[in-house]
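Here we start with a single chain on its own, the form predicted alone, put down as structure tokens.
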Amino acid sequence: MLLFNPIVCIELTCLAVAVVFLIKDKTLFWRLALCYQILVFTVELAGSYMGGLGIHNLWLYNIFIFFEASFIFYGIHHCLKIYTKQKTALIFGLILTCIIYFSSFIIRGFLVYNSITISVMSVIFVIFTLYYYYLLLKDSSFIDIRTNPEFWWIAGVLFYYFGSTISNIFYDVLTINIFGHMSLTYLIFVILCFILYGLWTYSYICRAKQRKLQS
């Protein structure tokens, strides 16, 4: 694979926007969002470089899964706490994900991609993002969703992990080459990344505008 493949370029663009609009943000979640974008870009760049040289890189992505799950769970908590103080279900989902994550390494080894954890946490994320929108619809107070950063951040998570879940279910069907050596699975993943980081990019811009209004 090329070092700056489509996914790396998408993540780099999102990182650049995050640096511009979140660098001065003092809210913990948005500061973590900036750190997470740096981590995502670094891991993807390193993974692409190692893959291009034929070096085994699945262990790198296995480590990243832990940080990915931790950040997304915290982000969902950040968005849900606006509407509910109930944390039990979210904590249970996090604990379940951690148990599956570490159990998979014990059973299958560290060099095998931890796809089981990815599948389980994707389903959990979809459930909680849908719950967020349910609470949003029930809320009587008015919010302008066009400029609400949490709304668009959650939308990115929902589309990405729902799409990932469907892709995992139909993986055998989708693993066909469509353009040379490019598989349909990879193309779908590129599109999902574009949606995720595109919506997150917009949420960072909305957050900067929201911060100016609050100052």
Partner chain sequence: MPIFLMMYIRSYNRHKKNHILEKENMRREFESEMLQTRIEVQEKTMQTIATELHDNVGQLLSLTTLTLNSVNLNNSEKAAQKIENSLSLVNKSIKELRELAKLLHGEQIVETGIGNAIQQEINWLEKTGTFELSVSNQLFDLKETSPDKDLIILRLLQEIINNIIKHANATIISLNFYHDNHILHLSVKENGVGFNYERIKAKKSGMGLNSISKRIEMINGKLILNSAPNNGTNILIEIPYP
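Residue numbers count along the first chain shown, from 1. Only a predicted model underlies this, so the values are computations on that prediction, with no experimental measurement involved.
Heads up, the form predicted in complex with the partner chain isn't pictured, but that's what we're talking about next.
Comparing 40-48, 66-74, 26-34, 149-157 against the partner chain in the predicted complex, the single stretch with non-hydrogen atoms within 4.5 angstroms of it is 149-157. Taking the partner from elsewhere, residue 113 is found to have every heavy atom lying beyond 4.5 Å of the partner chain in the predicted complex. In the predicted complex, at least one heavy atom of residue 143 sits within 4.5 Å of a heavy atom of the partner chain. For residue 105, no non-hydrogen atom is located within 4.5 Å of the partner chain in the predicted complex, even though that partner is not displayed.
Among residues of the shown chain, residue 100 is not one whose heavy atoms approach the partner chain to within 4.5 Å in the predicted complex. When the partner chain is considered in the predicted complex, only one residue from 82, 136, 89, 123 comes within 4.5 Å through any heavy atom, namely 136.
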